[in-house]
Ligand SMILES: Cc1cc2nc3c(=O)[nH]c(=O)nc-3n(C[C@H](O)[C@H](O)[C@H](O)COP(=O)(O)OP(=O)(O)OC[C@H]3O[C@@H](n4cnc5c(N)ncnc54)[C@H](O)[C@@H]3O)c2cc1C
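One chain comes next, on its own, written as C-alpha cells: the form predicted alone.
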Amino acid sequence: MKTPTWNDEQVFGFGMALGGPAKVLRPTTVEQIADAFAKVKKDGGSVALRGAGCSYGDASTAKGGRVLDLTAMNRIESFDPTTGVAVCQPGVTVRDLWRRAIGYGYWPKVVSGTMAVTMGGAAAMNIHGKNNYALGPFGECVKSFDLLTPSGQQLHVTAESDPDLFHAAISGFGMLGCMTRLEIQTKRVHSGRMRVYGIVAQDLEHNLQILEDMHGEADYLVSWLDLHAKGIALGRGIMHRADQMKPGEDPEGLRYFEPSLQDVPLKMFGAVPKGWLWPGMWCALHFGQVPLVNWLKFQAGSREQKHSPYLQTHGAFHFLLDYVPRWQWMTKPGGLLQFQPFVPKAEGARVLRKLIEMCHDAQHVPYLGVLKKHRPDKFLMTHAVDGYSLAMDIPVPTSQKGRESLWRHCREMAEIVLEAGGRFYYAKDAVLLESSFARVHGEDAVAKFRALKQKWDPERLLQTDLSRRLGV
C-alpha cells in the first residue's frame, strides 16, 4: 500500500468564505494517523481533523497549517440486519450508511440535510436532523467509538465506560482525539417512503405554533422561511411534516428499499443535469431576484398544501441540499455565511423576529431560512436548547468593507441570542469570539472541557481555525 504524503492544497469550509492553504494528508489506516500525530508533534506544529468538509465555517480548516482528511477511511466494517447496528470507519458518509441499511429495512436515526457528511464529522459536531425534538442529536445514535488520542493511545469509549469523555468527544469538534471506528445504531422503517404534508405558515408566530402543535405526533418537522417578507408576513413559510409508515401500511413502499430508488435524482425531467442549475441560481442571487423566487415558492406552497399528504422517499425528503450539486457556488465569489442561533422556547418568537428585522435593517437579508424545533441533550458542548433554531444563509460581500459589515452584523445578532440564553452550532458558526465560548456553554462546562483537553491533548496538537478563534 502506498504511503500517503502531505500535499499543498486549498482547504475551505463549505461556505467558501473561510480557509486557505494547508498541507493535507489522507490516511487510510489508524497507524498512519498515529504516525502523522507523531510527526506533527515532533515538528512542533498542530493538525486539524477534517471529514467531508461540510461545516460551513472554519471548523475543519487550518490556514497555513496541517489537515488530516479522513475521507479515505470509508469502509463499513459490518452491518447487523437483526439489530441495525453498523460499525463504520470515520470517513463513511451518511449516504454510505443509508445505502447499506435501507435494503434491510433500516434508516439512520439522525441525518443532516446533505448525505455527504461523514460519521466522524457527524459525531464530532454532533449534528442534528429534522427530528431533533424527538430523537435528539447524532450522538444519541452512537453506541461506542474508538478514539486515537494525540499521544497515540487508542481508547474504546462508551457512555458507560467513560461518560465524561463520551459526552465531550461527541460534540467536542475534534479537539480531544480522532474517532477511528464508530458503532452506530440505525432504526427500523417499514416502507421506503414517508407520508409528507406541506403546510402554509402565514408568519413567524404561525410557524412556531405549528411546531408546538405537531411535535408530539410528527416524526419530522422543518419549515422553509421566506426571509425577504416584511410586515405582517415576516417569517412566513412552508412547514413540512413527514411521518413514517406503520408495518403493512404501504406494501408498495417495500419496493423503495432498493437504494437506487432512494437516491436524489441528478437530472431534471430525466434529461437536464442538475449540476447545470447553479449558474441560474447565481443570476437570481446576484441580480436581485431572490424576493421574486421566494414569493413564487411561497405561492406554490398553497398548491402543495391542497395536494397533501403525498408520498416521498426518505432520501428525497431529507437531502434537500443534494438536489442541486454545487449549489453553494451560486454565492461565488464571496461565498456564504450561515448564521444559526438556537433560542429557548420562551424567547423564540421575540428573538427570531428581532433577528430577521435586524437583517433587513442592515441590508444583509438571508436568501434562505430554515426553522426547526429542538430539545436539550447530555453532550458537553451541546448547541441544543428547549426551543428553536433558525438557519439563515447570507451571501458574503466581495469587498472588505462589505465583509466586515456582515461579520459585525452577525456579532450584533449573536449578542441578542446570548443575552436570551441561546446557543450556537459549531458546524455552522463563523463569527463567535473567544469571549462568547463560556456564554454559550456556561463556565462549568467550559472548565470541564478544557480539563479534558489538558488531559488528552496537553500539547494542544489538535487545533483548527475555529478552536483558535474560540480560544480552546
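A residue's number is simply how far along the shown sequence it sits, counting from 1. What you see is a predicted model; the values in this text were computed from it and never measured.
One more form of this protein, predicted together with this ligand, exists but is not displayed; see below.
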| note | Here the chain appears without its partner; judged in the predicted bound form, the stretch of 305-313, 236-244, 281-289, 176-184 with heavy atoms within 4.5 Å of this ligand is 176-184
| said: Can you tell me if T118 lies within 4.5 angstroms of this ligand in the predicted bound form, counting non-hydrogen atoms only? | reply: yes
| task | Answer yes if any heavy atom of L371 is within 4.5 Å of a heavy atom of this ligand in the predicted bound form; otherwise answer no. | result | no
| is_contact(Q262, this ligand) in the predicted bound form, heavy atom dist at most 4.5 Å | no
| task | Using the partner position in the predicted bound form, report whether P90 sits within 4.5 Å of this ligand, counting heavy atoms only. | result | yes
| message | Exactly one residue in M392, A201, M125, M381 has a non-hydrogen atom within 4.5 Å of this ligand in the predicted bound form; which is it? | response | M125
| Position in contact with this ligand when the complex is considered in the predicted bound form, options A62, L70, A430, C410, heavy atoms within 4.5 Å | L70
| message | Using a 4.5 Å cut-off on any heavy atom, which residues of 47-67 would contact this ligand in the predicted bound form? | response | L49, R50, G51, A52, G53, C54, S55, Y56, A59, S60
